[in-house]
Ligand SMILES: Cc1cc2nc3c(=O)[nH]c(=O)nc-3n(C[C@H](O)[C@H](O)[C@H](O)COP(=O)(O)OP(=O)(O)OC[C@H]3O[C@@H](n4cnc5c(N)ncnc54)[C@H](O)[C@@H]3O)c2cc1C
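In the form predicted on its own, a lone chain appears below as structure tokens.
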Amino acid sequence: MDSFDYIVIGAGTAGCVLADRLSADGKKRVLLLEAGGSDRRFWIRTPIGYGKTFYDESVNWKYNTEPDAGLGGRRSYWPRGKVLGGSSAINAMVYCRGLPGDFDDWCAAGNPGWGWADVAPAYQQLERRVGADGTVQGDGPLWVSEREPEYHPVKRHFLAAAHQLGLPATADFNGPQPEGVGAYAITTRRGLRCSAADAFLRPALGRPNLTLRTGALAQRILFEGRRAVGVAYLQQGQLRRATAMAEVLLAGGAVNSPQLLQLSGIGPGPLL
């Protein structure tokens, strides 16, 4: 059984950031587990390739919801990344922080530290904004590019029609006036996708205290009493275990993290 200080489950958007931050001091031993494999694929690196990965089961969990009465009994398709970088490796690369007012509402609801004034500096540290004219703001690892020179003519007509209808215009969905109609910034670097794996994980993999294991599907969290002490995971057909001296961090996303909790015995009693 391997022993680490931290175990991060899932090398998606959050997991890549956590692995980078936790291993940055060169001392803490960090294990990063990912059920998928390498993101070094042409259709992942090429921005338009998200049309290919949308249904590619080799990099996509391809989830479907249960039938929804509100949709006439139909199911919804939920693509989720199963690859280094997670959904940031297969999505359409739209970069949108969210409305400042939403963060302030969360803070007012009893979540100190989640107000816009608190989180805005964290975003700014992550970003390297490349303007349509090539100017660069910030020196963060995540490249965020404006693509105005590459607009298709149809897009210009669409935006013009929206403005004629009286809809507000915005030049930056991450700026001081984010509401309106405009063109999104996207996470690309020199014409190629810049996923969380590109921005955060790949530079961190040079540290000897960070261990990455792919093809490692977490089966359950291991407990001693009520304390999480490790993870059991399946890799190459073998059930393996790893222990965490400090913490086990779930970064499997909105679907897989609660699922793993339930597989570990945490959740609503009737469901379990």
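All of these numbers come straight from a predicted model, not from anything done at the bench. Start at 1 and count along the sequence shown; that's the residue number.
As for the form predicted in complex with this ligand, it is not shown, yet the points below apply to it.
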Legend entry - The unique member of A183, L142, M93, V130 whose heavy atoms fall within 4.5 Å of this ligand in the model of the complex: M93
Legend entry - this ligand: the contacting residue among A216, A204, L222, L212 in the model of the complex [heavy atom, 4.5 Å]: A216
Inset, instruction - Just one of 23 to 31, 239 to 247, 204 to 212, 46 to 54 has residues with a heavy atom within 4.5 Å of this ligand in the model of the complex, so point it out. - result: 46 to 54
Legend entry - A11: touches this ligand in the model of the complex, heavy atom cutoff 4.5 angstroms: yes
Legend entry - Non-hydrogen atom contact A199 with this ligand in the model of the complex at 4.5 angstroms: no
Inset, instruction - Examine C194 and determine whether its closest non-hydrogen atom to this ligand in the model of the complex is within 4.5 angstroms. - result: no
Inset, instruction - Flag S87 as yes or no: does it have a non-hydrogen atom within 4.5 angstroms of any non-hydrogen atom of this ligand in the model of the complex? - result: yes
Legend entry - Heavy atom within 4.5 Å of this ligand in the model of the complex - qualifying residues of 61 to 85: W61, P79, R80, G81, K82, V83, G85
